[in-house]
Ligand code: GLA
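Presented below, as structure tokens, is a lone chain in the form predicted on its own.
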Amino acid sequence: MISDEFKALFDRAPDAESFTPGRVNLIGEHVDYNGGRVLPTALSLGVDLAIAPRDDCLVRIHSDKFEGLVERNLSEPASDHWSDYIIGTVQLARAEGFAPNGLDIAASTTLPFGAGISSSAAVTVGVLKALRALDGSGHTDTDLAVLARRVENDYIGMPCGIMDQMAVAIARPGQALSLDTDSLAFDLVDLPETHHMAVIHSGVFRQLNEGRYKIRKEECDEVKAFIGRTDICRMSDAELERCRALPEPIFRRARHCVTEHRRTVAAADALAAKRMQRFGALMNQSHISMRDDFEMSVPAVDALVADAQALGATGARLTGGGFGGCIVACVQAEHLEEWRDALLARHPDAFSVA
């Protein structure tokens, strides 16, 4: 229990707690900062947090993933330390008027880092939810997701979109969030009991702030400047054709954005109608686009996806920011165990996440 851990660490009871799930994106990659639709689902894994206020401008943090107790001043800038996500979140919440002048925080997580299942978003949203419970503020879950994105964009320096924060703030296990990232309108779609969305880590770890994600974001910005609109996922066929005047790799980035948005809209409809063969085919097409047009995959992930499909998955694709991390596969529930065992036997560096 996170409350027991907090008491053992700080010799007092916490005043607020939160649990925030991780997420896996079923389809719709690198479109959330380009005005497209995404379809993530919440995981049963997540981050437990317990907090209590202080009044000395100090934030004391303990995580079960790291040794020792970290003590930082509330006004500190980012320092490329794992605690930056918490410090940045508390700073922003305080600026918004619903955080005290210091905190004790205990965190426990079942989410692996660098897996593309939103461990950072679960932390930032989780801290904001705990602070909301402490303060009794009227911030909605959508409000908190928007604030959590600002932490990543402005404090961490990670140019991410809004998908991760919305998914972990709103969706619950067993639900997919069909999210319009332009308007933030969303629908919740129940996942079918006949299929399981399996998450398998490739064994290739990466950090999104290491550069390649940012490069893809900048390439999409080139498309936006050329075409004169920010929601490039919603370009018409004629507008996409105009993008052929751009350097060839940039055109392919544009093509991925447009086709991935359209695939995601179709996938949400297929999932709601329980048309799982159609849904799986769209997942497979998505991986090809990520691999060839957006160039965000790596050989180990491609091999894992290919074998997942060959062993009977209805659909499989890379999920997350790319360049390593996890795949997600739609697998018939009755065949899940044998499918997973066979896949992991072929890929000894891979491991099951969910």
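Predicted model, so just to flag it, every value in this text is computed and none were measured. Residue numbers here begin at 1 and follow the sequence given.
Unshown form predicted in complex with alpha-D-galactopyranose (GLA); subsequent notes refer to it.
Looking at 193-201, 261-269, 230-238, 163-171, which one sits within 4.5 Å of alpha-D-galactopyranose (GLA) in the predicted complex if you count heavy atoms only? Flagged stretch: 163-171.
Can you pick the one in 189, 158, 78, 92 that has a heavy atom within 4.5 Å of alpha-D-galactopyranose (GLA) in the predicted complex? Contact check passes for 158.
Using 4.5 Å between non-hydrogen atoms, is residue 29 touching alpha-D-galactopyranose (GLA) in the predicted complex? Judged by the heavy-atom cut-off of 4.5 Å, residue 29 is in contact with alpha-D-galactopyranose (GLA) in the predicted complex.
Quick one: is residue 213 in contact with alpha-D-galactopyranose (GLA) in the predicted complex, heavy atoms, 4.5 Å cut-off? Yes.
Heavy atom to heavy atom, is residue 320 within 4.5 Å of alpha-D-galactopyranose (GLA) in the predicted complex? Within the cut-off, so yes.
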